[in-house]
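Single chain ahead, by itself, as structure tokens, in the form predicted on its own.
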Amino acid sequence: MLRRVNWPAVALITPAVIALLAVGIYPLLFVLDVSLRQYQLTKPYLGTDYVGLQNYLSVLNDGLFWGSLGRTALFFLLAVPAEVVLGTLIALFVDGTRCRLCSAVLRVMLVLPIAMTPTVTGLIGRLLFNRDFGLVNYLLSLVGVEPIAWLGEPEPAMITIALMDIWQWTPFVALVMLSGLALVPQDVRESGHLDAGYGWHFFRNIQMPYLLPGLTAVLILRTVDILKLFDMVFVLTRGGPGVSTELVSVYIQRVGFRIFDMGVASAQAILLLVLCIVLSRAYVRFFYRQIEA
């Protein structure tokens, strides 16, 4: 016997489905189609014929692409471990605060950096790390350190964008870890204090298991975000000096909108999507294995 169609439910869900198709599925299919074509915006006379996997082979043989991916990995190693450690320490501090008003104020303050757009974060970074009138060099001058060209030399520039990312996203990690700490039952806390005290053993055996799901989510979200990070880096350094801070998303933008080779840029974007999926699956498999253990 056929079920009756629940038309009110269909009417409610249809706008969401249309929006998903418009902003998610269709652009993905379009990029996938373009990645299989010869698509030079400045050479329309060449046409848009299918070239199969030629664009993907060009990407895999592109040393500049692998270089940008390596710089992205370095940026990840500079920023994310620091965010996880600092965010966890902040979460433990806020969770242990006895004053409810202080705890509420701290939680509100943690939201402020996250609420800023990456473009605004980049502009703030340009002011803080300016060689001539930046606040950072002024504070260093008070202890006798010569001005540093934070945005004009390769190593300081990479450190600068990492510091700005840490400043913006450490509060996000702290809030996620706070939600994990809130799941620890009170009776488990009390018995844990009796057995393990208040130090490392209490954190390792009682609190850590409740933090691992949040840590998994943080790693997935931050990995995806760093792989597509463009705004803050472009405003701060535009990928320079040279290509020292040209992360993979900045390089894809250069190929697509400065060289105008949309076919190759689309192939790079698809490969980046595949990398995100692989890394996300790896995080889930590893950390949930730790939870089960």
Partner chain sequence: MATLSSSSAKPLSTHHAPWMSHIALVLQAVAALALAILILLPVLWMVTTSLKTTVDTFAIPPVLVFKPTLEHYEALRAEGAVFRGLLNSLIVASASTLLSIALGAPAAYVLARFNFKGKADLWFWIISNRFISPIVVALPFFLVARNLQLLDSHLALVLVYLTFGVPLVVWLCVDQFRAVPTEVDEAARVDGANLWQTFFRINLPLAAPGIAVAGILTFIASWNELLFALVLTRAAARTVPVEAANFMTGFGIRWGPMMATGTLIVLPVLIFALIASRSLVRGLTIGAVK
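Throughout, rigid core stands for the largest set of C-alpha atoms superposing within 1.5 Å between the two forms. Numbering follows the first chain given and starts at 1. The structure displayed is predicted, hence computed values, not measured ones.
Form predicted in complex with the partner chain: not shown, discussed below.
Listed residues V51, V224, L69, V243 were compared with the partner chain in the predicted bound form; V224 is the one with a heavy atom within 4.5 Å. Contact with the partner chain in the predicted bound form, defined as a heavy atom within 4.5 Å, holds for exactly one of V120, A149, V145, A73, namely V120. Within 4.5 Å of some heavy atom of the partner chain in the predicted bound form lies at least one heavy atom of R189. Heavy atoms of N55 never reach within 4.5 Å of the partner chain in the predicted bound form, leaving it off the interface. Interface membership of I252, defined by any non-hydrogen atom within 4.5 Å of the partner chain in the predicted bound form, is confirmed.
Using a 4.5 Å cutoff between non-hydrogen atoms, P156 does not count as a contact of the partner chain in the predicted bound form.
For the partner-free chain shown, P8, A9, A11, L12, I13, P15, A16, V17, A19, L20, L21, V23, G24, I25, Y26, P27, L28, F30, V31, V34, Y39 of 8-40 come within 4.5 angstroms of the partner chain in the predicted bound form, judged by any non-hydrogen atom.
In a rigid-core overlay of the protein, V10 has its C-alpha displaced by at least 2 Å between this form and the one not shown.
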